[in-house]
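First, one chain by itself: the form predicted alone, in structure tokens.
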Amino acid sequence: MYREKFDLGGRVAVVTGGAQGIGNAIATALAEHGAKVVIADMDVNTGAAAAAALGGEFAALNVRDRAMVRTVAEDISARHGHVDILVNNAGIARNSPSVDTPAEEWLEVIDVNLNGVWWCSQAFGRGMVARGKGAIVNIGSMSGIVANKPQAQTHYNASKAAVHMLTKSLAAEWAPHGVRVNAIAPGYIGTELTKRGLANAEWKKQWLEMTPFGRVGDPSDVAALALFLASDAAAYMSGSVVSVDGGYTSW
């Protein structure tokens, strides 16, 4: 009974930013449980190779481009007949003191991390609402719950907090249409981006001291939760923001 709840056979899943890191781990988890995975990413070479390794497909996608998002969504839906799962994973991080943050940097972070999630949710969610079923998993951050220390990243934190509220709003609106929307709030996960931060001795010291587990997580820790939220095992969950942060937000 419970094994069947995690079976994604026959389902089509789109993972934005799935070429590497957390996105690729999620794409792998979904594929291993039977989903036909489409990796949608700006990195054509890495993305295509990652999709091929999973026996899936690749779609070039810039989540900032509203017209491109809609075209890609329509193309995938036309080829497969439907999209069952959307994982909004594409995102960027920037660090700069708020008084010195360039306008272009603020707009870039908001455009990718928030607007990109909105464009994709709207484009793919339209088909889900029409069909009366679907699951969306947004990758937020513990940075949308607490402010990080010691690095300055107000724009990043604000964008992720907005993703959490977007998640709850869509969940409430689309529940009557059979569409579930949840979010994951990862802490420090061992991706290339986090590893660059760990190269800063001051950052590393504070990050690990403020994480009760005293270590960074693995992309598979996030992927396992994404698999759960995308599957029928989470059939009664919507509007949740679930932390995977080694206990960071418990203090």
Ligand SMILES: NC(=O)c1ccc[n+]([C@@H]2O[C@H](COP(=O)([O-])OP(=O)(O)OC[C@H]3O[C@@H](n4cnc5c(N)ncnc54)[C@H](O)[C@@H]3O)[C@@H](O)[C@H]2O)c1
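As the structure is a prediction and not an experimental result, all values here were calculated from the model. So that there is no doubt, residue numbering starts at 1 and follows the sequence shown.
Separately, the form predicted together with this ligand exists; it is not shown, and the next lines address it.
In the predicted bound form, G56 stays away from this ligand, with no heavy atom inside 4.5 Å. Interface membership of W174, defined by any non-hydrogen atom within 4.5 Å of this ligand in the predicted bound form, is ruled out. Under a 4.5 angstroms non-hydrogen atom cutoff, this ligand in the predicted bound form lacks T211 among its neighbouring residues.
Although the partner is absent here, D43 lies within 4.5 Å of this ligand in the predicted bound form, judged by heavy atoms. Looking at 79-87, 124-132, 137-145, 99-107, the stretch with residues near this ligand in the predicted bound form, meaning non-hydrogen atoms within 4.5 angstroms, turns out to be 137-145.
For the options A152, M165, A158, I92, the one in contact with this ligand in the predicted bound form, meaning a heavy atom within 4.5 Å, is I92.
Shown without its partner, this chain lists A19, L227, V12, A234 as candidates; in the predicted bound form, only A19 has a non-hydrogen atom within 4.5 angstroms of this ligand. Residues P186, G187, Y188, I189, T191, E192, L193, T194 are the members of 167-202 with a non-hydrogen atom no more than 4.5 angstroms from this ligand in the predicted bound form.
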